[in-house]
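Okay, so here's just one chain, in structure tokens, the form predicted on its own.
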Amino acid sequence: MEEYLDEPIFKKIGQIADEMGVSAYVIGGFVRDIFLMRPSKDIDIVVLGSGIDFAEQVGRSLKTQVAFFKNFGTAMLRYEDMEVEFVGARKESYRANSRKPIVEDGTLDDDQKRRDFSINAMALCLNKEHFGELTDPFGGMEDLENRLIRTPLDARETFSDDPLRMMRAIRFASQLNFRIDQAAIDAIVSNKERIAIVSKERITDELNKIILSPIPSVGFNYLFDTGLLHIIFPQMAELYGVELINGRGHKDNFYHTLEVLDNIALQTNDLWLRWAAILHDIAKPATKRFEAKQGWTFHGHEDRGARMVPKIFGQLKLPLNEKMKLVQKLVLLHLRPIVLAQDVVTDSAVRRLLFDAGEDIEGLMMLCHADVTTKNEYKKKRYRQNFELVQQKLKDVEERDQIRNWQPPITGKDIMLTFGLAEGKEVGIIKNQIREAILEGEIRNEREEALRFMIEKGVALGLKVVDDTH
């Protein structure tokens, strides 16, 4: 395995270990990623001895600063573009109400037993005599070949000790497109309630990694089937199911949402566009109605869903900033391009969409493309052809009318000075009339034409021009 450890830092660490008379190993994700041929810059070093003392010596030799975390018995340094963390080999035990372990010094075997999965428990020796030798007591290499997520010890104990490992199992399955060992699945089902002792921030961090995986539905299917999703994100679990009345059903909105999420994952790595895909139909359970003539309807689900976004972001400890507002906007607008694609596309409808979407119009169109999940190939082709027409119309209207991120050519101050008004109802009425006239194409989006229109509408309201120089 020596060829995999060709970075100079590994030889340097091995040399220092030999000088100090201790054994040192690179362990965990870096080793796993070597065999998966994935780039990795995070290196975990386990030492049979004090990880802090060893890191201090390595830092001195490399003439680089070391950060010490003595409460956790770890230390970290940066070397070139790599982040190297040091810890002494240890064994851990847990209390029922906490995922914080009681730590004791241990052997390499003890340290490998405390690892979450067999594929993360492999270690490569860095000492000169055994440099590059693999220690793999739990069959991690075989599990990599079989694309399997499995715990080193009894899965029930592993997940009960640290319930975040249930999320990590699903995250790795989703990121790597691996399957989870049946014993581990059963253990997640029986331990799912223990996720309550994990902080929302840690849960959401794993959830976001699932969302950013190549095929996010892999992770969400595991979350749903094990019952974890019902605990950590119940609003999404409620999308599941098909109700029948008089033999008429609707599509399963949970699996539709997963299709939309996978579709948008093919287009972008943007986390917040993927969140918009997850939440675009989140209000369908709340707005579902059966009407004898129409069948199942979800009227207003886009508006109701947009109003649900802040609460969901708050519950999951997601940022309540412009990221949340972007998701909220896309949920609110996600039907608009679809309606345009079904009808004759007028310039005024396109101008309004550009006005409302602003800089997020490309993301909105991505979401709408992803939302086409019909299995009818004719319908799918027709929708996509119509979307292309809408996109061309968006481009043409934007180039001509400059509506995106539109700032009105006439301000409230212009209106007040022209008619000698204080702030009030008339100013708002005229501003709205100017905006509507531009969006409807009655006047061009330019100042001189808008000034003439403003005076015309002000006079119609019974106002007198006192200064027409604005």
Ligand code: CTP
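Just so we're clear, the structure is a prediction, and the values are computed from it rather than from any experiment. Just count from 1 along the sequence shown to find any residue number.
Although it is not shown, the form predicted together with cytidine-5'-triphosphate is what the next lines describe.
*Asks:* Given that cytidine-5'-triphosphate is left out here, which of Asp281, Asp181, Asp143, Asp116 has a heavy atom within 4.5 Å of it in the predicted complex?
*Replies:* Of the listed residues, the single hit is Asp116.
*Asks:* Just give me the single entry in Asp44, Glu440, Asp53, Glu426 that has a non-hydrogen atom within 4.5 angstroms of cytidine-5'-triphosphate in the predicted complex.
*Replies:* Answer to the contact question: Asp44.
*Asks:* I have Asp162, Arg168 and Phe172 flagged as a candidate spot, so tell me whether each of them has a non-hydrogen atom within 4.5 Å of cytidine-5'-triphosphate in the predicted complex.
*Replies:* Contact check passed for all of Asp162, Arg168 and Phe172.
*Asks:* Which single stretch, out of 348-356, 316-324, 252-260, 116-124, brings residue heavy atoms within 4.5 Å of cytidine-5'-triphosphate in the predicted complex?
*Replies:* After filtering at 4.5 Å, what remains is 116-124.
*Asks:* Does cytidine-5'-triphosphate get within 4.5 angstroms of any non-hydrogen atom of Gly28 in the predicted complex?
*Replies:* It does: once cytidine-5'-triphosphate is placed as it appears in the predicted complex, Gly28 has a heavy atom within 4.5 Å of it.
*Asks:* Within 4.5 Å, heavy atoms only: does Lys209 come near cytidine-5'-triphosphate in the predicted complex?
*Replies:* Close contact exists here: in the predicted complex, Lys209 approaches cytidine-5'-triphosphate to within 4.5 Å, heavy atoms only.
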